[in-house]
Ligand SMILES: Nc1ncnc2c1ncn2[C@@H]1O[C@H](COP(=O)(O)OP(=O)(O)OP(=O)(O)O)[C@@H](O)[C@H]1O
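So this first bit is one chain, no partners, the form predicted alone, shown in structure tokens.
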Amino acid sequence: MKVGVVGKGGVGKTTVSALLARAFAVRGRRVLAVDTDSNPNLGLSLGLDADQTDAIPTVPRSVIVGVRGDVTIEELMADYAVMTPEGVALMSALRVSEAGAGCTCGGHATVRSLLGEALDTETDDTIIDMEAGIEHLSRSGGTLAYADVLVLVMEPSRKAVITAERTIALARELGIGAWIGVGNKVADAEQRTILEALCAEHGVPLDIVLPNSADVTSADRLGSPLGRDVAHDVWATLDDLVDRVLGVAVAER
């Protein structure tokens, strides 16, 4: 499965991406996580320290579609993927390391090309932690054009739900036919009710709501993975999300 994790800035896409990737890996599946943030931090949530995360080489577009376009997926994984302590391979597709470096269009083209390759020879599932917003769906060809399903991460705010609504419209144009709505940062029953009402108003599904957890918040603040021996309700909900993602594959057969 090729899964794009999308949403408005600040809704917790990186946290959800890391948890989802780990939930797949626990089932013995070969998982590749792709960090498309120009300020990549996904490695921290997968057990790498800051130096190790910064040391991950960015995949150049030329490797996939340029003069080395004949590179195999096995070679690509060996050269550019790092195995994290959480059992998830990690690639970095974007990085801004200096001021005035220009746009990141090349990096988005890399992700699109990467997803178009036969990744199943080396991985079972690819989780793409997308940059905030919807621009990646409007670029030429669409960065996530080859995704099987989108995970729409939303906090209980109208802006977050509207972003999800716009994402669905663009996904339809790209031919992506499956998406799963995930509520995050929902502090209490009142906020859940608000999120449910907003989703109903804007025609956005709310399939799963991740439990509000102090353990998740603490791990996120520390820049470390969520322990597997804590937040059992969160991990149970992640298992449900994995089942839903895999259900998309069954429905498409």
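Don't overthink the numbering: it's just position in the shown sequence, from 1. Please read these numbers as outputs of a predicted model, since none were measured by experiment.
The protein also exists as the form predicted in complex with this ligand; that form is not presented, and the subsequent description refers to it.
Chemist: Can you check 216 to 224, 48 to 56, 24 to 32, 194 to 202 and let me know which stretch has heavy atoms within 4.5 Å of this ligand in the predicted bound form?
Modeler: In the other structure, the partner sits against 216 to 224.
Chemist: Can you check whether Met83 is within 4.5 Å of this ligand in the predicted bound form, heavy atom basis?
Modeler: No.
Chemist: Though only this chain appears here, would Ala231 touch this ligand in the predicted bound form if you measure heavy atom gaps against 4.5 Å?
Modeler: Outside the cut-off, so no.
Chemist: So in the predicted bound form, does Ala78 come within 4.5 Å of this ligand, heavy atom to heavy atom?
Modeler: Heavy-atom contact with this ligand at 4.5 Å: absent for Ala78.
Chemist: Give a yes or no for Pro60: in the predicted bound form, does one of its heavy atoms lie within 4.5 Å of a heavy atom belonging to this ligand?
Modeler: No.
Chemist: Pull the contact list for 1 to 17: residues with a heavy atom within 4.5 Å of this ligand in the predicted bound form, in sequence order.
Modeler: The stretch 1 to 17, when checked against this ligand in the predicted bound form, contributes Lys8, Gly9, Gly10, Val11, Gly12, Lys13, Thr14, Thr15 at the 4.5 Å heavy-atom cut-off.
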